[in-house]
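Take a look at this one chain, the form predicted alone, written out in structure tokens.
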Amino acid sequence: MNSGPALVSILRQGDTLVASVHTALDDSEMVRFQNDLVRQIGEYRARGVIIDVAALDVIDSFASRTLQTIADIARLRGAVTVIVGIQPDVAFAMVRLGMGMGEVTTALDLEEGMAHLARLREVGNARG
């Protein structure tokens, strides 16, 4: 029985899932988060995924790889992923350690992440 606060919340906003990580996750919690989010992408037929990591003061190599994996799986399932809220000190440390987010789009905050997804939809609608 889990009586503590939720470590991650995943909310649906139309065809977008917004996952907010509230505290540092150990490796097993990170894998559970990945599995839950991927399941919900299919369940809700999500076209966009925003992962908010603003509460994290550290993103280690395992967390970085897991976020990239989530984005890759989401893309293969038809959803675009945007990572938002990487703190300046975290970004600095990631660059110094040679870690990055690869091909995953990042944005300053949730508002910019939602705007990015909206722009992609507009471009898609103009083409379609």
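What you see is a predicted model; the values in this text were computed from it and never measured. Just count from 1 along the sequence shown to find any residue number.
Here the subject shifts to the form predicted in complex with a further copy of the same chain, a form of this protein not shown in this document.
In the predicted complex, Gln13 stays away from a further copy of the same chain, with no heavy atom inside 4.5 Å. a further copy of the same chain is not shown here, and in the predicted complex it never comes within 4.5 Å of any heavy atom of Ala24.
Using a 4.5 angstroms limit between non-hydrogen atoms, Ser20 is distant from a further copy of the same chain in the predicted complex.
Taking non-hydrogen atoms only, Val104 approaches a further copy of the same chain to within 4.5 angstroms in the predicted complex. Heavy atoms closer than or equal to 4.5 Å to a further copy of the same chain in the predicted complex belong, across 69 to 97, to the residues Ile86, Gln87, Pro88, Ala91, Phe92, Met94, Val95, Arg96, ordered by sequence position.
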